[in-house]
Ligand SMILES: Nc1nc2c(c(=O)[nH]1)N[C@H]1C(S)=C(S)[C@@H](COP(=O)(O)OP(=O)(O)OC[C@H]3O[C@@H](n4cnc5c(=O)[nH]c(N)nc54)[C@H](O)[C@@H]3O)O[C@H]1N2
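A lone chain, given as structure tokens: the form predicted on its own.
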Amino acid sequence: MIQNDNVDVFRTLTWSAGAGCHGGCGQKLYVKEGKLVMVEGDENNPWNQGRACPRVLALKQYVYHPDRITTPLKRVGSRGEGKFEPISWEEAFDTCESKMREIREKHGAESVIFAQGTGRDVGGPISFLAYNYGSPNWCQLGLSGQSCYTPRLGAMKASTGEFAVLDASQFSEKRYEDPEWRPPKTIIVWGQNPPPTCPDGFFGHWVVDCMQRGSRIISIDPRNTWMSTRAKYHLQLRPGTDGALALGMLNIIIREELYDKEFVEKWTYGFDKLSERVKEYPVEKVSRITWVPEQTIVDAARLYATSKPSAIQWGVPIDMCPQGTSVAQAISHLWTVTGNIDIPGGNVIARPAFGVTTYPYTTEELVGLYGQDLVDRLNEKRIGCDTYPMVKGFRGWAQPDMAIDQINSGKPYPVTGAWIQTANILGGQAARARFHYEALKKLDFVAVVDLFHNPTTMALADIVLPAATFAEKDSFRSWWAPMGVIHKKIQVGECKSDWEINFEMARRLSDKKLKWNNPKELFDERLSVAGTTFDEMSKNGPWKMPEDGPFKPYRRHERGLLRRDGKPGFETETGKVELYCKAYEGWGLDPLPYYHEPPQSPVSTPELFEKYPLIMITGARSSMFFHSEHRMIPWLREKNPDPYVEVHPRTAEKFGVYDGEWIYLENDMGRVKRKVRISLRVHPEMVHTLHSWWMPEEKGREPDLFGVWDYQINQLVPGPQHSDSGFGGGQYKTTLVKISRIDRREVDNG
């Protein structure tokens, strides 16, 4: 702590709420007399090195916003009326306990779904509560196919036994000055525009830092972005055809013998089978599928393969491809066959620092935290386990598409309650939003943990529990590196952290006494393997980098640091990276990557394309907002006041619309209002629009729900829909639409 003019300066980490995103950035909180007065980036933190996004810089407006919920609320009218009254925490906890016990006694614990969104450090606390309550049904309800990050994780885990990320020296305290690190000679940025974002476990500006040190860029993106305009090659592909492109690039690399022969022979399994599969994807065919010129594909593949070390940074569009887990498998094979795995400047194996787990990514981690017996019992009732072996074998999620169907059908058992945390399901997350709205209205009890009213709280909540921002909570973070802690420095109203809320509910609902008296004791137990405690981390860091060994790159497969038996190799059935995936084979999936055409496209549904001739891309990140958050924050909303749609000039001329005009985006599922922004950022046969729009300034009660039915783009996105594996395949990037003009009288009437 530094003192200056009665202002105390505290160093901490972000992990939402307030900043949004999955964070990790070091920030300095300026606090005077218990009040937050300013936030700045922490120049001593190796993660972000002093940088801060607009959302962090606007944190004071977020923390002290007059509409923020600062006391527990109980619904006193009918659902949707918008009538709530403040109650004490004791009454709120008592009500939640009583209702959830009643459901468990009548139907079983599995009849309550624990639904999370993204952001905040929620994975740890929500799974902790779900499993102590006895429910196996923890999921991202509404996110078709769990189409965010999980499909990529599943593909890497199955074929490599590990997860891998671009090496931007983030595992070293010295960062770019570390003599062992090498900047990637080439970076493929696939389906992402990193600079305005903070992707999962990754700080977007690191790619720019690598560019400043010589890295060349291959941008694979349907849109023209900051990154694509600075790329050596821009592969402007048709949305959803990423799998064909990856297979075509593998074809070129293998056919021209540009792969790393020594690595492939010693450390991979199934190369001969992969070689046969990619012959089905010659560059002429791939060009026709993707709309990318043949020579551009060839040149990009050659550049990536011949400029070692090279790396790939990828985004959520991969997960949302028709067969997301297969597409991710194909892309990961690119860094495998070129030997760009766990070497400086390649894609490095990413493990939580010191083995400290915040967020249980895999079945093995769940077993480590909760025991095999509990995991086995939960799998007997977890929605989707029996239908999708990968859902059962990889991660402790329930399958969200099947979960919403089960709410409607009541089979094989009823779902009658929901605990919703960090998830504005109706305002941001759910494909086919009205379908989810109608289903969730049937539930007997809904508790929502959030910071502001939104369409989900207004339409569904019986109890609303006020959560804390990162400045108001104690927590810990171990997502790759470094390991760190978040420590509380201010208090706003009666708000509590997600850990505090869920710990108390778990204490009340668990069938056995918890072995910790408070969350901090739980944190200390998790941190103990790193030889530290929460208080020590708060005082000395608040971060700590992994030491050389199993949790820090490089070349651990050669040193016997990846396998549990201590032998060289990878933690797979064969001990090698499986280009022919034995795990997929065991799950009844194709062991080799393949391409599948999007369900809606000019190829698969030509009649529909004739009616709706534009491919709609949604979900690109804005540095002003995080998903459905921040629409009420003045500084941020001023910079991005309206839900716009980017339209190419030729497309605007074809549909007769002008810049700044309000229009409808429309298909057979409905229509949604958007403001036209004429732009060369999009292809003439595509439009792009931001997701998760609702209007905090409009009426919250039904039927308005803050204007969600006028502006929520996911009303046009089909669902439930997912890949054959159960993971991936949400149509958030490939839905077909048309533009319709709005009658002037409608605009004048709002």
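Treat the numbers as computed from the prediction; the structure is a model and nothing was measured. Numbers for residues come from their place in the sequence shown, where the first is 1.
Beyond the structure shown, there is the form predicted together with the ligand, which is absent from this document and is the topic of what follows.
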Answer range among 695-703, 43-51, 709-717, 30-38 for contact with the ligand, defined in the predicted bound form as heavy atoms within 4.5 Å: 709-717
Answer option from Ser111, Thr618, Gln600, Ser478, heavy atom within 4.5 Å of the ligand in the predicted bound form: Thr618
Interface residue in the predicted bound form among Asn454, Ser159, Asn340, Gln323, criterion: non-hydrogen atom within 4.5 angstroms of the ligand: Asn454
Partner contact for Gly428 in the predicted bound form: the ligand, 4.5 angstroms, heavy atom: yes
Heavy atom of Thr574 within 4.5 Å of the ligand in the predicted bound form: no
Interface membership of Trp190, the ligand in the predicted bound form, 4.5 Å heavy atom rule: yes
Contact label in the predicted bound form: Leu143 to the ligand, heavy atom within 4.5 Å: yes
Any residue of 417-436 that, in the predicted bound form, places a heavy atom within 4.5 Å of the ligand: Gln421, Thr422, Ala423, Asn424, Gly428, Gln429
